[in-house]
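First comes one chain, alone, set out as structure tokens in the form predicted alone.
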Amino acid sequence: MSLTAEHPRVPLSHRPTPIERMPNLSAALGGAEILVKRDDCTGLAMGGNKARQLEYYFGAARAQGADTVIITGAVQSNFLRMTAAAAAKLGMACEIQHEERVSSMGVEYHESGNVLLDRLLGAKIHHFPVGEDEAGADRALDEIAERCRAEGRKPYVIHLGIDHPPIGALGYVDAAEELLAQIESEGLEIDLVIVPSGSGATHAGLLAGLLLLGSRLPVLGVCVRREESLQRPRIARRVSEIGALLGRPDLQASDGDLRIDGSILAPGYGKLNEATQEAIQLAARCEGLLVDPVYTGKALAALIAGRRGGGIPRDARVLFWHTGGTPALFGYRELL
């Protein structure tokens, strides 16, 4: 039986997502076998990791009889786009809140990419002027929910702040089971998994799932929103909370389990740097693989830096977890 079987879930993703070898990229980096877990192929309005998480949020929403889903995120958020898509697919209304997390961006950032898709998918858009106030953004969602109730609707709020349980992370407990099954069935050998680490749901869910399944496969989370000193306790807390959701309050991540790299974050969330820009171009030109400026580009940049700096040996077998984000590329046209 699946670890998450007792939690309500609505199937939304194409699973299992494939694992592909990247021989040209491996050669360009002078060694290490690089594989990619293609969670950009989950389906649901151009795919991405959020499809796995939304299966559990929408499962909870349906269990509560909700007819409207409300969520917050950055202007170019993949989560908002995929929430709007899931709501449309399930015949529910969707209200999303754009947070101004990335300053000094032009018209394309605010009109193209995920924003264009949000509108196409029929979401009602709200705006929150602050970029780094998780609690305030969640309170604003609650105010939108109250207005929905006053209109006779039944809203379900997807809170993403640290003070709310990481229900969506259960999707990555499932992904850990999926990965181990693929490793066995395909005869793969993997020494390290690299994944973007933002809200922490994907990173902590994957780590928690592997620990619960008795795997010691290392997971390196690459910081894309906050620095390592803040992300480390966040992931530790999320792993424990996931354990509690699954009836395993004893689950804890040790210091050795919490592998976190903050070296590619600057100048901050959603801000391009040279390393990320190079990673985007290298993936595209070596493998026809599209990574985004916010999450996957920075995670791949950390992999590249690790290989060039010797932290990732020539004989290592590294799985890069592609969490999607392709539509955001269009919002960054002028910078790319």
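Start at 1 with the first residue shown and count on from there. No experiment lies behind these values; they were computed from the predicted model shown.
One more form of this protein should be noted, the form predicted together with a small molecule, which is absent from this view; the next part is about it.
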Does the small molecule come within 4.5 Å of any heavy atom of residue 50 in the predicted bound form? yes
Residue 196: heavy atom within 4.5 Å of the small molecule in the predicted bound form? yes
Considering non-hydrogen atoms and a 4.5 Å limit, does the small molecule approach residue 92 in the predicted bound form? no
Might residue 202 be said to contact the small molecule in the predicted bound form, defining contact as any heavy atom within 4.5 Å? yes
Where does the small molecule sit in the predicted bound form: which of 308 to 316, 21 to 29, 8 to 16, 323 to 331, heavy atoms within 4.5 Å? 323 to 331
